[in-house]
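Before any questions on how it binds or moves, here is one chain, the form predicted on its own, in structure tokens.
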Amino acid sequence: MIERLTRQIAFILEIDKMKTILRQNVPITEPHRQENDAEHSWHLAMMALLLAEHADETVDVARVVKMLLIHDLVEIDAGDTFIYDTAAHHDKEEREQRAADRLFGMLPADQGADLRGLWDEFEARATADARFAHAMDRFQPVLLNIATQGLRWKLHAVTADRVLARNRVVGDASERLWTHLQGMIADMVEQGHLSAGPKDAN
């Protein structure tokens, strides 16, 4: 039992590093700094608690929250890969699989297998729970960009057509949220905070 507790505590201390992994988005009230992975994961978990009623299929909210709290742990080793950086995605899966092996391997075997199973399920998106968790993961950065008038989209010259293409998975879990998201993006284009993209350029 002491060895089990020692491994659990070592894992708890290791994942504190989540607080140092910076993402591309910024907190709404602190646009001078980037949010970190721990903030992101907490925000997603709260979103799942509040928005699960909009899922197209019934989801187990507790399982979704677990997925959202662990899905980015691998970025402790693999780093955050910007969703619109296509070049950086070529080895993303390999980097994250190695990280998952190391991190979940730190835990007692039963807990490590349980969390690794949830992480694999999230990545595969083959269940209603995983699809909804993915929808939250994609919806949150869009909300933060909208709330900051497209601050980080403008910095990286991201256009509306790319935002829509990369976030279509929201519709795999909730047609209502996807429809609402499309409307918000259209409003951003109309307000001049987001370029429509090459196909609509004059």
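Residues carry their position along the shown sequence, with the first being 1. Values in this document were obtained by computation on a predicted structure and should not be read as measured data.
Although not depicted, the form predicted in complex with another copy of the chain is the subject of the following passage.
- Within this chain, D16 lines the site of another copy of the chain in the predicted complex, having a heavy atom no more than 4.5 Å away.
- In the predicted complex, no heavy atom of A128 sits within 4.5 Å of another copy of the chain.
- For the chain shown alone, A99 is not a contact residue for another copy of the chain in the predicted complex, no non-hydrogen atom being within 4.5 angstroms.
- Contact between L51 and another copy of the chain in the predicted complex is found at the 4.5 Å heavy atom cutoff.
- When you look in the predicted complex, the only residue of L69, V169, L151, L164 with a non-hydrogen atom within 4.5 Å of another copy of the chain is L69.
- For the candidate spot formed by R4, E39 and Q140, every residue has a non-hydrogen atom within 4.5 angstroms of another copy of the chain in the predicted complex.
- Contacts between stretch 103 to 118 and another copy of the chain, counted in the predicted complex as any heavy atom lying within 4.5 Å, involve L107, Q111, L115, listed in sequence order.
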